[in-house]
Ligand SMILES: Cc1cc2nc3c(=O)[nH]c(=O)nc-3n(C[C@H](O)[C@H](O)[C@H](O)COP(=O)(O)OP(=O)(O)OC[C@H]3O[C@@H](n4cnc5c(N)ncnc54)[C@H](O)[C@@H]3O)c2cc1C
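Consider the single chain below, provided in structure tokens and representing the form predicted on its own.
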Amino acid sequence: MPKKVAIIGAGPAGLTAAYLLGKGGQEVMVFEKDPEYVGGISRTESYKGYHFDIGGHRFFSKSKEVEDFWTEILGDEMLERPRSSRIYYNGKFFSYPLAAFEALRKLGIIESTLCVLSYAKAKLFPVKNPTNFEDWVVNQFGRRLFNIFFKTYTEKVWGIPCKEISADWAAQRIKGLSLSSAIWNALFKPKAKSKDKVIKTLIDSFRYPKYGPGMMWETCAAKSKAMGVRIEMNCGVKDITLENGQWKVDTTCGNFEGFDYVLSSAPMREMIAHVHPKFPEHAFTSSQHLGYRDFLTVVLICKDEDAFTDNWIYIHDPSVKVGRIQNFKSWSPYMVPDPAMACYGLEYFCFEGDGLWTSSNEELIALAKKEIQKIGLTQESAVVDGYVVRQPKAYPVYDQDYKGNVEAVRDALKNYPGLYLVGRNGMHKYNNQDHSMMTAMLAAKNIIAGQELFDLWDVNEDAEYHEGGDRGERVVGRLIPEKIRN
């Protein structure tokens, strides 16, 4: 008999689960609070025919299952794009990932020598068991390179000192990368066929939908609907209640009941507050201490007078507020309808309600025009139009307490059978799109099988399932059948 499943959030995790469950013959309803867009932070918005991402999303995964899913949804509509990104620091542009010889050359002989000596010191006297971002990066690159290439940008992103950010975030985002690995990569480029061995940060190409990542999720939603999945837009969830082994979901567009499972990719802090019976006090309080970082994108439509080829540029200059600049035409030429024009996205990291967030659109566009000229990417006079997108809860904050807070919630979940937390905000994991999708894939497999074959929390940052250190070969003390492993 088909299971009845409620999915909260139509982002990559929610729609991946919806598609696979619909394909598996289950009865599925998706509740999405956005009135127009699916895809969550992976959506693509548009303005006067120009398309732009909310952050920029590469489609690259070490998981064949994820890559196959993308191909199944979009097929030939996926482009192969060259990866190009740089760092702007002290009036100069540096390749990113760091091209060691270029970086040392542009820093100058004295600063380069000090950086190398600083790196040698970090290797000889590393911080043992680093717990914060600063100590982790210093161990990998040395303190001088940390101060130049990591500190300013990271504190722009998070709004807190690097000492207060967990080392988990560094290990996740720049896994396997150090000054020595950057030099090695410069000398010996990894072969294209050894994709599973490439450090994600060092990839030089990726796939990308012609009209942005939202195209993937709009198509996925349409295909899910064709299989009978019901997707309710402009439908926020108010409460979810477990009664007599089944779930009831109260929303702004009506009340629905009789669900066997609920999958939620909504922010953990918000979701736990809406669950009944209420979570135990310790778990509930822990969930409310989880933090989020918000951001906004100022889109500038410009005459393409000063073209640059980067997909994005990290701005490490403390004299400007912008943190990162996207070049949507370099992501895909189809994003910009007029080849004589360019479309840039200036990203400002902030907290909802602070000075940047509450600035008027006109003020933000004026700021972005001024700062992009100061950086030297184009002139204010080249800008013909602007648009602003605000994104609350873009990033779950990895502060020093986040891990214990999440663990308290995880421990309490065992008392709520059928409730799965999936995706970036659902699990409070600063992950990539493929990780979010893999957690949804495993949840779908559990539901279709009618038993807990996989623990979603054992998906690593490369979207690989590693249970108990045995690479997913064993689950709950028994071997997984071959057909499930594949």
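Every value quoted in this text rests on a predicted model; they were computed, and no experiment measured them. Numbering starts at 1 and runs along the sequence shown.
Keep in mind that the form predicted together with the named molecule is missing from the display, and what follows is about it.
Colleague: Just to be sure I understand the contacts: of F351, F256, F93, Y395, which is the one whose heavy atoms reach within 4.5 angstroms of the named molecule in the predicted bound form?
Modeller: By the 4.5 Å heavy-atom cutoff, the listed residue in contact is Y395.
Colleague: Tell me which stretch of 372-380, 260-268, 97-105, 218-226 has a heavy atom within 4.5 angstroms of the named molecule in the predicted bound form.
Modeller: Residues of 260-268 come within 4.5 Å of the partner.
Colleague: Assess the spot marked by K156, H289 and G323: is the named molecule within 4.5 Å of a heavy atom from every one of these residues in the predicted bound form?
Modeller: So, no: the whole triplet misses the named molecule.
Colleague: Under a 4.5 Å heavy atom criterion, is M441 part of the interface with the named molecule in the predicted bound form?
Modeller: Contact with the named molecule, no.
Colleague: Answer with yes or no whether I54 is in contact with the named molecule in the predicted bound form, where contact means some heavy atom within 4.5 Å.
Modeller: So I54 counts as contacting the named molecule.
Colleague: With the partner left out here, check for me: in the predicted bound form, does some heavy atom of K445 sit within 4.5 Å of the named molecule?
Modeller: Because no heavy atom of K445 falls inside 4.5 Å of the named molecule in the predicted bound form, the answer is no.
Colleague: Examine G236 and determine whether its closest non-hydrogen atom to the named molecule in the predicted bound form is within 4.5 angstroms.
Modeller: Flag for G236 set to yes.
Colleague: In the predicted bound form, which residues of 1-26 put a heavy atom within 4.5 Å of the named molecule?
Modeller: Those in contact are I8, G9, A10, G11, P12, A13, G14.
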